[in-house]
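Consider the single chain below, provided in structure tokens and representing the form predicted on its own.
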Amino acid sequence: MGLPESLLATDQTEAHTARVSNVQFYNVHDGPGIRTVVFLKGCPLTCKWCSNPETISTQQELGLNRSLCTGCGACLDACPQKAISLIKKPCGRREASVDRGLCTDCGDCVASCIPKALTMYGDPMSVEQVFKEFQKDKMFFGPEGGATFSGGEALLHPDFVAEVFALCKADGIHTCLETTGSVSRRALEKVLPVTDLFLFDLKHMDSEIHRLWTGAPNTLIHDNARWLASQGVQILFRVPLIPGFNDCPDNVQAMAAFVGGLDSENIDGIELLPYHAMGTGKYQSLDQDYLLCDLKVPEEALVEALRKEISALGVPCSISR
């Protein structure tokens, strides 16, 4: 079946744009094979453990990597709001500091930063620009790799994703979409014809606990999971394994029962994503507090035990390494 004409339109005078926080090449974690992953800004959830805090807001944001800052002061004159100053650390080193109350995230300071300590999260990109990013590594994708949209929540931009994926499909590029599932049914319907694989997040089966840790209940997420499975598309459910939140036996068994009970032959099972703290530097760059700074990475033996437990319940389970 051919793609709808509306999804094949490439007239850039009418093309959608979206704010992109990052383009990651040669990724081997977000979908099969070697992939290019585009992270879009905006998310309906506020997960306490989020490793991509720069993708939560839909607006562009200024980030300051203090480890790269040389204290040269070039950014001070570039800021029209005079929101940047230099502070002296106890070691004597000078370092830039951003007054978030004054900063408008205009980005004028970024070009002046010689060591590239300042960066903007959320540059607007057109459909054609993002498609060209996906094309860059096409020769390395092979039979399994391809293009992945992630976030944040990419399906806050369903028309944009659908247009880019339509171009990818026409060019023979495998398409993969990571989603929280906390989106409208219309958004899922829009991308369904051009998405080869959905990476669907499951976080907790208890709706109230889910709300306390993510800012929203899970009813819509589970309803969308059931509907998506009923459409016969390929789905891999991914579980961010957070100690003290969703690693208890009751929740793990409930997740396995939910996935195992879906009426579809195209469910690839569950992939466990053990908690890590590698996103803490991003919180610092945005001058935001990381709420789980004392949380420990789960031991490999525990993660393997949970994998075996899920597999024993009849649901294929793997661990993201």
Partner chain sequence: MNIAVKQNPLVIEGSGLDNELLLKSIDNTVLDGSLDSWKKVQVDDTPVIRTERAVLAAESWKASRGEDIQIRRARLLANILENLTPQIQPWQLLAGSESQDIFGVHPDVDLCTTITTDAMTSEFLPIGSPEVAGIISEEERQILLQCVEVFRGDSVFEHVESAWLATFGTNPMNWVSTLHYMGKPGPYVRGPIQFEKIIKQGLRALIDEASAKIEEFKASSEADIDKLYFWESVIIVNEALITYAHRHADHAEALALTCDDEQRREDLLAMAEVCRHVPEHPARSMQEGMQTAMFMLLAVKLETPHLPGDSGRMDQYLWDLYKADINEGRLDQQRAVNLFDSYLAFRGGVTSLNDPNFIDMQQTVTQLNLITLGGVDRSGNGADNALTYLFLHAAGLLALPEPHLTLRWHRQTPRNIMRKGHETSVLVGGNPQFVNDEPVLEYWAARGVPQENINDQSGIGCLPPLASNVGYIQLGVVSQAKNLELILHNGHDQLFDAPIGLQTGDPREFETFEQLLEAHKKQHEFWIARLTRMHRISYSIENKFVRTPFFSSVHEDCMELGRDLAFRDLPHFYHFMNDRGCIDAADSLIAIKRLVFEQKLLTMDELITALDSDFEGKRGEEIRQLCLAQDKYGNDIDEVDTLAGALGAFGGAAIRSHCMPDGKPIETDRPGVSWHYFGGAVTAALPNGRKAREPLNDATLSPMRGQDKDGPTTVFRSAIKAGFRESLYNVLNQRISPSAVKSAETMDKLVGLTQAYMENGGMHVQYNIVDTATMRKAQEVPEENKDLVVRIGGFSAYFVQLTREMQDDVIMRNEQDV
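Every value quoted in this text rests on a predicted model; they were computed, and no experiment measured them. Residue numbers count along the first chain shown, from 1.
Below, we turn to the form predicted together with its partner chain, even though it does not appear here.
Though the partner is left out of this view, Ser67 does reach within 4.5 Å of its partner chain in the predicted complex, counting heavy atoms only. When its partner chain is considered in the predicted complex, Asp268 lies well away from it, no heavy atom lying within 4.5 Å.
Its partner chain is not drawn, but in the predicted complex it has no heavy atom within 4.5 Å of Asp105. At least one heavy atom of Pro115 is located within 4.5 Å of its partner chain in the predicted complex.
Screening 95 to 103, 189 to 197, 116 to 124, 205 to 213 for residues having heavy atoms within 4.5 Å of its partner chain in the predicted complex returns a single hit, 116 to 124.
Here is the short version: of Asp247, Asp159, Asp137, Glu128, the single residue with a heavy atom within 4.5 Å of its partner chain in the predicted complex is Asp137. In the predicted complex, Gln284, Val297 are the residues of 284 to 307 with at least one heavy atom within 4.5 Å of its partner chain, listed from first to last.
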